[in-house]
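So here's one chain in two forms, each on its own in structure tokens, numbered structure 1 and structure 2.
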Structure 1
């Protein structure tokens, strides 16, 4: 018993001997503090530019700020949020955002998976095929918009050249509100389906060939092999690609602005970003636009948040 007491006394001695001066010196000599000049300055600048801007936007969304004056913070309320949620223009823009988000992302994933499976089977000219589909991804929204503005031209566009050749009347792709959003989604799918193709192709090529051979020996068809064995293993690739595509869908403002060169996009294609910019810079309704921006931020976090949680559960964060 006496020996046990002496052992505890000896093991506790080093902790008691380390004073706060030694701990402070150890902290100051740590890699975290010594590397602070390299990561600290960019972190502070980014915090001011990004999170400071978000905080300022959030603050003025509770005011009635408009025009060339200064915001009045003496009477904060949720009037702008209530006004936006009761506005038909806001609801229509939110619905277009949702259709763009779901339609564009889903079709891109399905088309990209289909193209990746074709390439994984080693079709002829697969390298050229891959380059052709991936090339649009390298283009900016501005270039893509101008290209498709020409393609959608009612009188001289290639699409209407095909339509009239088949015996149909020319289609006003961007002037008809009922099909304008579909035309925009089609152009964005053309640009980003190559990206999903590459993501899925990398996932397919990481799967051992033994699984294909085992399925073939068991008599499984190619379709059953992909649906039951291969595609479920592409879950991480699907999640990553879906998040990137949804972020691009939320950033479609650049494409729409470049398409027409003004704050008002073609009828039927108004989204929250174009509505926000138009109300801010055309009508000077800063508080109302800030409320829309805040709700758009919440929508973006609704996309990114589950992905970050998924990565955290997988141990990647």
Structure 2
């Protein structure tokens, strides 16, 4: 601070050139400037890509741009948003998105918690099991979509093998619009529950063992101990896992595209992300799909915003 006061003083003096130079010198030597290349270069690159991209998308969404020539920014309106909100395809996709968001996130959290507790409690080789449970998470959605396409196959898939062995008729898992979304959620749970398990296990391991001991001394059953004492302490792990899962549920495009290898996913599984990409790249309705993308972004921010605020309040950022 002393140097700083000094330079302020000097700059007021008649010999202005020296003051200006030493001020600059001080500024150039400050931590802020010297660290600038480190965070600055990545920050600029990232900002152009992420925020520049979002801004540009936002601008296009107000035009009527359909892919020929350049967007016309002279007549901006909300027409594309109105068109989307009044279209049946958009409403259906938004509904499917909501089902996917709630169903997938809830079941993943519950199953992940269950697996974490199962492995946390005195299982031998639990690390090896953990590795296997997490394995699907290392695969591309494109790969897991192929595996599940085969599992769901009507004639020779495993699921129908089970169903027919139990004495029922074979089910067209992906062909029946009222089942297809459930089937997709099931496959995604297979891929993601290992992830929630890992997050919960980290949470469980940070809870001191003596809480178990104390509960045992008090004569509490294991189930009671978990429900009353342990699970409430996993709030933070649950919140972060839920945010990651929900954001994924909003943008889950790859799995649905790779299931069929075309823009239109199985009937009954169209979500905003697939609708947006189809409108943009198949039909060239750039402005319309930019509007859908903006709404998708708003939904994602609706999930992330409260989470970041919560993290910030907790001081864990």
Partner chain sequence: MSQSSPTGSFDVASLVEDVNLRRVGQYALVVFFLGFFLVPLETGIMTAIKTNESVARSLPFAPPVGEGFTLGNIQFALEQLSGSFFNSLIMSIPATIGSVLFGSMAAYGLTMVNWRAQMGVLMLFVVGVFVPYQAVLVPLARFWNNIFPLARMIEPMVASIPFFQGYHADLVPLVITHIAYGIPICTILFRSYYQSLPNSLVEAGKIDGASITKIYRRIILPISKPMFGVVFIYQFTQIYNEFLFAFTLVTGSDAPAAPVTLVLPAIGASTSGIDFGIRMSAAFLAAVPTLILYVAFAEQFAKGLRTEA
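Since this is a predicted model, take the numbers as computed values, not measurements. Take the two forms, find the largest set of C-alpha atoms that superpose within 1.5 Å, and that set is the rigid core. Numbering follows the first chain given and starts at 1.
Original post:
Is the form predicted on its own structure 1 or structure 2?
Top reply: Pick structure 1 here.
Original post:
So, does residue 41 move by 2 Å or more at the CA between structure 1 and structure 2, with the core held fixed?
Top reply: Yes; residue 41 is a residue whose C-alpha shifts (by 2 Å or more) between structure 1 and structure 2 when the cores are overlaid.
Subject >> C-alpha of residue 298 moved at least 2 Å between structure 1 and structure 2 on rigid core >> reply: No, the C-alpha position differs by under 2 Å between structure 1 and structure 2.
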